[in-house]
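For reference, the chain that follows is the form predicted alone, supplied as structure tokens.
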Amino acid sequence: MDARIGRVALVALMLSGSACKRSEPSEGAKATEGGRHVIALLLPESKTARYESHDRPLFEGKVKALCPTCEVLYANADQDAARQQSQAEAALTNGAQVLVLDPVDSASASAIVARAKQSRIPVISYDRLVMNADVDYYISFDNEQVGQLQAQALVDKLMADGRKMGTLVAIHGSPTDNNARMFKAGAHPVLETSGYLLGAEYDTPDWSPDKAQQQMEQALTALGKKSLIGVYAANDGTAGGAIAAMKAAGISPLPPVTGQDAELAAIQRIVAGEQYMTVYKAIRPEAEAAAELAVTLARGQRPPPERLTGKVNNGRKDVASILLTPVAVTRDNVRDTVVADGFWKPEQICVGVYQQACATARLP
């Protein structure tokens, strides 16, 4: 922040490259004098498929529908907090009037918020809450409820299967992601009072499926295969890593495994019986609510109070928030949730080896 000459050079370089990618404004925006509004969308990573396949296009589409003279500056940090800070600087230099920020690191991203505030630019904390910062608004899901849903679904499944004793493994999310902390806070009370032994648990740096696979391998080595009856995995990527480790170890049938984000690969695993459940967070209303709020702020207006559904404390303030409701998805309700909403189509799910499994699950 103090090496200004070097940073200006860096910003110029990044603007000519991939730091902030412009969504082309409409012809109306190009023709309008003085009506240009600029909104920055800063997403954290691409290992979780949702950001590029859903969040970005849904956000950009809603902005264009609401505001033909609005321009979106887009950047994905690929799990690099320093890169995200540079991307935010580039966006501000390029005229961003609002930052929609999904932080790589919920703590260090407070510097991005502080920099925006120096320029009197409002910040919407999107999906993940920036901690100890003067964030203007927060849009996400009830993330403790997400963890509770996952853990309760796992425990209920084990009880329904008559598994009264056994060992669980918990694979949590990234230690730099405040959402991961909230998922864990929601899951732990359920797991700890379930009567099952929590034999091993891990935090997964960067939400990396490869690291989750290594952690599951370590757990199997330490605990053995026979006692394992279930895996709490915080998202679909870590679930995929855990499942890969168990399959490589010859575990069959696989124990119930949780997940989150309703990724296509996870829905296919659920249909095939390899993953028990995922948490579906309907991204369309989340992304579109963020777009509506960003457009309102870019126009210098305030959102109507009734649009805000609560407040969440980030260590510095109670942040006015829009909190949406997550949904547990198993093979029994895939058709009535992610397919009914058009999140994934049957022709996307039911390909190759999944065709027969789809027929069993009444898809299409």
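Numbering starts at 1 and follows the sequence shown. Since the model is a prediction, treat every value here as computed from it, not as a measurement.
Omitted here: the form predicted together with beta-D-glucopyranose (BGC). The next part is about that form.
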{"item": "Option touching beta-D-glucopyranose (BGC), based on a heavy atom within 4.5 Å in the predicted complex, out of K157, K211, H188, K281", "value": "K281"}
{"item": "Interface membership of E60, beta-D-glucopyranose (BGC) in the predicted complex, 4.5 Å heavy atom rule", "value": "no"}
{"item": "Touches beta-D-glucopyranose (BGC) in the predicted complex: T258 (any heavy atom, 4.5 Å)", "value": "no"}
{"item": "Contact flag, D127 vs beta-D-glucopyranose (BGC) in the predicted complex, heavy atom cut 4.5 Å", "value": "yes"}
{"item": "Residue contact check: N314 to beta-D-glucopyranose (BGC) in the predicted complex, 4.5 Å heavy atom", "value": "no"}
{"item": "Interface stretch in the predicted complex with beta-D-glucopyranose (BGC) - options 303 to 311, 334 to 342, 64 to 72, 44 to 52, non-hydrogen atom within 4.5 Å", "value": "44 to 52"}
{"item": "Interface residues of 232 to 253 toward beta-D-glucopyranose (BGC), as seen in the predicted complex [heavy atoms, 4.5 Å]", "value": "N235"}
